[in-house]
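Just the one chain here, the form predicted on its own, laid out as structure tokens.
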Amino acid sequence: MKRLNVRLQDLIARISVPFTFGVSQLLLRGFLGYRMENLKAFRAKIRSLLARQEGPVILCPNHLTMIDSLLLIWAMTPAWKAISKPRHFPWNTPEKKNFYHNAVLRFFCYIGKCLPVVRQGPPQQTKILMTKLKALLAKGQSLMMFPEGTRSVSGRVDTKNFAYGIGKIIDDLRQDGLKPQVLCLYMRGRKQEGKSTVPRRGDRFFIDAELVDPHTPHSGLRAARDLATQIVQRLAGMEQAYFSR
């Protein structure tokens, strides 16, 4: 039944793409005045990287604002491709307390392919979420998950304090015989200094992507920690390259 519910949500989300993307463009471009630098080239790069992968793809961005996933989805793909190629429109796992406290936000999260997560919630609840995510990835869809687990307090990728959830998902998928690839995404508004609720009005965003294939000889918690560390370190390397430009 739970898998059926996710398939129904996926169908409704795909049907709703023209509305969802239209509203997000009105908000991001029209009202807030945001612009993406080199958008056409970035989308071409995303198409090229995803075309090489047949298995599950997990997108791992840095995290600075509450609307990072919305900005990244806009940057990745136009609406028509989100309908025809579902993996270009990734699932997200926002924290429930941040986005599910009123009916309007719950509605947009539902049609925006979100599955809420309760941080440090009951083990059974976490198990149900993991089952849903693995089922979606096994069907060739994509997942966007912030490996740091929360917005960076310092405004830089935190390589010391981060969650291991992304590592556990990758390890579990490999235990099930799947070979997930990780697409690291680094995005930063030119006016962004530290974490914020939203970027400054009229900001322009740098964005880049790198495909990585983390490996580990370990199992269990050590594997999850090792895989998550590799991803966070890659994001930190992309950040260093950004500030070196």
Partner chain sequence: MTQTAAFDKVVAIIGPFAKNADALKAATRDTKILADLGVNSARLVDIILAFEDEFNIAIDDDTADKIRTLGDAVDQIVALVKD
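Predicted, not measured: the structure shown is a model, and the values here were computed from it. Residue numbers count along the first chain shown, from 1.
The protein also exists as the form predicted in complex with the partner chain; that form is not presented, and the subsequent description refers to it.
Per the 4.5 Å heavy atom criterion, the partner chain in the predicted complex is contacted by stretch 216-224, the sole one of 29-37, 191-199, 216-224, 66-74.
Although the partner is absent here, residue 88 is not a contact residue: none of its heavy atoms lies within 4.5 angstroms of the partner chain in the predicted complex. Among heavy atoms of residue 163, some come within 4.5 Å of the partner chain in the predicted complex.
Mapping the unseen interface onto this chain, residue 127 counts among the residues with a heavy atom inside 4.5 Å of the partner chain in the predicted complex. Within this chain, residue 168 lines the site of the partner chain in the predicted complex, having a heavy atom no more than 4.5 Å away.
Residues from 122-151 that approach the partner chain in the predicted complex with a non-hydrogen atom closer than or equal to 4.5 Å are 122, 123, 127, in the order they occur in the chain.
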